[in-house]
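Taken one at a time, structure 1 and structure 2 that follow are two forms of one protein chain, written as structure tokens.
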Structure 1
Amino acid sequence: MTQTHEALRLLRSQSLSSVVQDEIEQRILSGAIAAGARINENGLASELGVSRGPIREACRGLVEMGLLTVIVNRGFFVREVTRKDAIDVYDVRSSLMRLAGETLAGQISDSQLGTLEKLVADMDLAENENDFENFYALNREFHDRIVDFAENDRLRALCEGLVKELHLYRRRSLLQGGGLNVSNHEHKEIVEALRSHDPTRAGAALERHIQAGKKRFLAAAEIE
């Protein structure tokens, strides 16, 4: 096999593994594969029409991301998050989002405010229709847009690493402490704080929102 052929073979393999990894990741984050569940490598390979090689490569990537753990001779399992894990992640996340708010407040455009307002309005509709899945997706996008608009690449990278881990337990927290209505009321406060162009107010609103999410998670954990 020539070096060119070998390079192409590796590229195809890596590309396939990336696609498979994205699919497994989305199933984990959506809750389709539950915390503690074992990854059925044979079943996924059959369903996705690939060999077990890309499945295993994808799982190794998800171990590095913190979404899976591996047990020798048993396989890959969706990570189960401890109470301390959750508290630590929420606390770091709240500090990062405070920085995002402080950074964005001084530079946010009318167009960006409009984007955030539309997401909040769509979350109101999702709440009224009891559409939790849509609300959850919009909620994720709301926070992602704030980080994107802050235009700090290092901040974005740190948030992306934390946010995927956070999704392992963030879903259940949304239904506690007043549920979707309270969460979206906090989103409206964030938008108004950003509209004021006051970095201190915007940063505090975002930090307060994440800390409130932590309290809702802890309340949900007590019920389970």
Structure 2
Amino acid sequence: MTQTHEALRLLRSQSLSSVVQDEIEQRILSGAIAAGARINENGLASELGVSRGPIREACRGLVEMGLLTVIVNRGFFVREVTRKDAIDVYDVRSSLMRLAGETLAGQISDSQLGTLEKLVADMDLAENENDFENFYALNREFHDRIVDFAENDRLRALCEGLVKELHLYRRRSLLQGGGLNVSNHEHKEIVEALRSHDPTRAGAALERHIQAGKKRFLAAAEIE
């Protein structure tokens, strides 16, 4: 009975809509619901054991997040991110990561530098062991931490959204798992720049890094 108790406790702090929204988001990003596919409100409602109300509310939120599009009288569809969209997103993201670097360089603490260094070291290990999955997770945390440390809530929210949007494209192409040949050397450069507390240098290092990622991504997308 602890399960229903848990469920009830959850509903006092979260509405069904937000739980459903997270669930649908998960399914979209994992690829369980394909790009371009329609969200079947009835089907999803009965599968999740809720009515269509929360489903539709969740979908409205996901539309504003850029994960769904809506066509009147036809329904909600998983957004199809074009190559041009992905390029646009990469450019915006590189610009924002540059801001993160510029901001962070002037305020980063030794303990924060330590955290980043640890992540880079772990990535070295993962790289040597060809543990791509772990490398990917560490890489993602590395970027997340940099944004977190910059302490700009809007920046954090936007970066989070951009990464999700890229996933919407990425999962079609190989990417992530494949490692995309991310060089840990760039990460070391970034940490060095941050340690020097030079905003311009740190911003440039991060911008270069994302732009390099964009190039790798485009090269990989070319193949498919």
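For clarity, a rigid core is taken as the largest C-alpha set superposing within 1.5 Å between two forms. Predicted, not measured: the structure shown is a model, and the values here were computed from it. Counting starts at 1 with the first residue of structure 1 and goes up one by one along its sequence.
Of the two forms shown, the form predicted in complex with the DNA is structure 2. Each of the two rigid parts keeps its shape between structures 1 and 2, while the smaller one turns against the larger by 23°, per C-alpha superposition. For Leu67, the CA shift between structures 1 and 2 after superposing the rigid core equals 4.5 Å.
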